[in-house]
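Structure 1 and structure 2, given next as structure tokens, are two forms of the same protein chain, each shown alone.
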Structure 1
């Protein structure tokens, strides 16, 4: 079947290609599995009342997340450039408009803003490696663990330093273009993380409050569900899958022609969702067992998990390893968050990868101070969604990512010719038809409905 891509020669990416399907799946899994699963999912679910939120989140992952992810990968592979240039190129090639590049620009900006606060939290996980190893949590009470956390985030110099160290690590890897090495780390990191989540789960099951935890997560109470929590669930689905901002599009640009987009997406979605659910199952029983508040906010994992590890045999060891793994997970996500901006600067301004990374890294580090100070000096400065940190988080997860995702599925479903997408998805059968119905109708209508209702 003839596609409207010029000539038979397929494009090549400037930045090289993944060596195998496995390398691609590992890279995308590395970007998806991160603080979103273990830090953010439990606290957002807690703040939004549990059950009904979790259900809406799962529905969003399947009917919106999956088609958006497939659309991003197929657009990325077809354009084979940075997200800005790819959207411009395909917009013109499909006979529409080069203005579609703005979707790419929105993504570049979203990545910068997300990493600005993501790095602050990742810095906390670095500090918690040291705290765990020093044994401060061994046998500590819930009050002591909470006090540890509060005095830690209250110290702006200390968490600012941790943010700086984490950004330096991220810049170092992206600048040297040695992500491939880090991607290999995903090979043992994800299974190891799963293993430790299961250790925690077993501990939780024996806490005597497992039933309460499960009920909180899986008994939907629709009275608690507001349009704002539906939006939070949609935003979380986008955030945790790394979609809506062109990161997966940038990764798709390096994907070999013959790799199955549907299969790779399904593998990533299943791995990512399982880790989030396991994290919730491990954390909520501990919250109830220790009389903590599920709506505690960003400190939730930092209050519950050290407490559990502190009471476990071998807890110092497990806790240290856990925070090492979580830092690694955050690291592989951070490099994905920078990729659209870095690839864009390299291609657009003919900078070297190192120069582009340092520029972008510095900008992100600078903006990140707004979030560093949100937990101490500026904690009383609140507007719209709350502190500066809350606002950056709300704006990116709940507005920019869904909006980016909406435009991406509209592009793939309505602007691109049927043949172009069928060509990339290697099918015109029932799977393709299902994707197309989701991308053309279900996902755009769903996103619009939630955005409109929540914002009004």
Structure 2
């Protein structure tokens, strides 16, 4: 059934719109580029053999990540409402059930839960800016760096304070609205993030081990590639693009009608993937220069890299630059995670944007204390996947995001009329046909594999 085209032409976002295609690309790139690119991607690549993993990751980004992103943007622009209202509205317009709003609700809830623990880790990056700038890591031994980290996460008051400061920064930006808040922030922070990354990359190129880092990143060793590595690449591609959590749908609602979704999505995917690759190229040479382990896991950023910077000339300055970079990346992602819930509160309960942002910010801050205490006071309280932090991370990253992405791509590919999606994508030619095949068949199968692996 065709949707009401007249209604679509008159439908406007209640929250304003992006002033240009570039503003939208920067905003979505800012939401997508976060700790997943700079903190998580390098160590997952390190754990899965480097080059072969990177190759599989790139394929997953193109054939699964991009079709899902395009689906989420086109749904958002079609509905012009918060994710919950958009899914309900379009479900009815396309001749189906308004219960599709549950998919929007899943995304909003996922964003809240993800930011509740993401804010805690992001708070660590703020603390490590101060630690780096004060020279704590200069010449420090591996034992001293590890002791610093253990002492830090063991102090619930300190990491709680960092969590509070980071959430206040996110609330400040989101409360200012689309153009005065979100757009102004990303216009500064995304270019700044890229600049800092390039500075760090140049520093890494002069480490004497840049060749080893390049070889590790781009020389495929398929003997090290396991089925779990493939699933990890698929999951990372999904997580790093911020799809399935409502942020991209909310941002799509503010996208001008004349802007190409295909071109914008391609620009975001290229930018996001490039920053992940640059992060690896900046980090691995420093790891090899200090005879450290590239498969050091989550500790790569907070244990291994401070040790590496501490042994190098100019390490205090560049360590500080690195953690500023991480903080910017986390900040731009956080405002994207908050936006769907804030838009929902504004529309559903007729609150002002400032009121809605404070309400959602406080809720996320409060939930986040479960993760704060997971590293100290409640570290011995474990169930299912581990601590409270471990469970929230597992539930959102392994279950909620893939499930949300699966339902979104099914809705765009199977529920929405062909004419509706062609209208939003401004095409019915070969690019549209390619998207339709990927969205209807390839992406759902890939996402199902991630879900099955997570459950089993």
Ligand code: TRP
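Residue numbers count along the first chain shown, from 1. Worth saying up front: this structure is predicted, and the values here are computed from it rather than measured. Between two forms, the rigid core is the largest collection of C-alphas that superpose within 1.5 Å.
Each of the two structures shows the same chain on its own, and it is structure 2 that derives from the form predicted alone. Core-superposed comparison between the two structures: CA of residue 397 displaced by less than 2 Å. Residue 47: CA moves 2 Å or more between the two structures after rigid-core fitting. Comparing the forms between the two structures on their rigid core, the Cα displacement of residue 158 stays under 2 Å. Aligning the rigid core leaves the CA of residue 211 displaced by 8.3 Å between the two structures.
On core superposition, residue 189 has its C-alpha offset by 4.6 angstrom between the two structures.
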